[in-house]
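Here's a solo chain for you in structure tokens, the form predicted on its own.
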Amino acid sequence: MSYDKISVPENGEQITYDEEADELNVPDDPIIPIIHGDGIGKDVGPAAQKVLEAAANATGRNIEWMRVYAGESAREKYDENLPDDTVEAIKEFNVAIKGPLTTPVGAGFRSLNVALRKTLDLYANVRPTYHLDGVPSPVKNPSAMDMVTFRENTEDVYAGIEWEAGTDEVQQVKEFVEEEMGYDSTIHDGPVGIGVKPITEFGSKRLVREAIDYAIENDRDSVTLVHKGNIMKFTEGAFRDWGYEVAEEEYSEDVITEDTLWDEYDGEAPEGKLVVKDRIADNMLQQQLTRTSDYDVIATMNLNGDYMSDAAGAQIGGLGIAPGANFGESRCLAEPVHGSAPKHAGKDKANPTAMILSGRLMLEYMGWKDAGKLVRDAVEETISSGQVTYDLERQIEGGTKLSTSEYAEAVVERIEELA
């Protein structure tokens, strides 16, 4: 495929998908699209490239980077926020990584992150949260946190179905809800904004399947369905019910429910069995703090997952080190959890750890687990040695403050030592 303003590397091969075998075919020199992103993306993007490339080289492979554009860089090059070239490149090459993109609050264009996820049907937002030795944390035992959140990426608030106060459209919806559906005393008088929260069986079940598959493949002990089904019975309650249906009907040989765990096994899961349980969302937020080690893999809807994964990130030192990725059918777009922090853009000071570790998640998705382990180990050793960027240096005693690029170089040196 040819692109208007994107250069495809002359070397390297394309990652392809074998539909019959349901697996990616990953060459040793894959072409991987990368969006540096807005704000600090211009700093952390190149830093992550350098580290991920070093890990690939250390394991006998190579990455051919293909620069693609979204947000500010796309406006400069294409005069639009999300050009077709970028979307088609990620579709064609299957695996990609991006930095943060700015989303305006209250007005302006909708989130480009959401647009990419929906356009590419990247239905699972995956956020592993684990503590790295040496990272300051506000909790007493941050190492207890080792949780992976699977957050549905296409429904709930990300459906984007809402109407602005004062418009003809919102008045039509209000009248329908009050007059046709019988909720005539529910909405207060005066201006009102109304949104619709769709939760489908299709979207819920494929998200839960992804979470259970991940838990089984990675020897995790449990999957927890998180919901507010005690109040939103027909949306979040339905998510819970559909989640249990998937577990009981499609994974009966591998899974037991929490009720069965206590009724038949006195709370001790038999060897090789994954426990599927559920928790109310507000209770789960406190249990993340009070019973952290009880939770391995979380499956939940969009808004719950956003809150929970950010709160989990705070427990291990903040969003500056929190990785993430978006999974779809045979497709992965890795991205850090944090925002674009435009006031720090171009200053070579931002912490690139989150984007580097998002790249680790991408490498593991590709089957390069050895390279992914090198990335994690090298990052952890660099931080525990006190070589850190400004955000961590000001919190630890005796640390050495490094710029973004210097930190990346330090991680690369560790990779070369560990390889």
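Residue numbers here begin at 1 and follow the sequence given. None of the values given here were measured: they were computed from a predicted structure.
Quick note: we don't show the form predicted in complex with a small molecule, though the next part is all about it.
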Quiz item: Any chance Trp65 has a heavy atom within 4.5 Å of the small molecule in the model of the complex?
Solution: no
Quiz item: Contact between Gly320 and the small molecule in the model of the complex at 4.5 Å, heavy atoms?
Solution: yes
Quiz prompt | the small molecule contact at Ile356 in the model of the complex, heavy atom, 4.5 Å | solution = no
Quiz item: Do Lys91 and the small molecule come within 4.5 Å of each other in the model of the complex, heavy atoms counted?
Solution: no
Exercise. Look at the stretches 53 to 61, 25 to 33, 360 to 368, 387 to 395 and give the one with heavy atoms within 4.5 Å of the small molecule in the model of the complex.
Key: 387 to 395
Exercise. Go through Ser309, Thr154, Ser73, Ser340 and name the one with a heavy atom inside 4.5 Å of the small molecule in the model of the complex.
Key: Ser340
Quiz item: Which one, Leu122, Val148, Leu101, Val95, lies within 4.5 Å of the small molecule in the model of the complex by heavy atoms?
Solution: Leu101
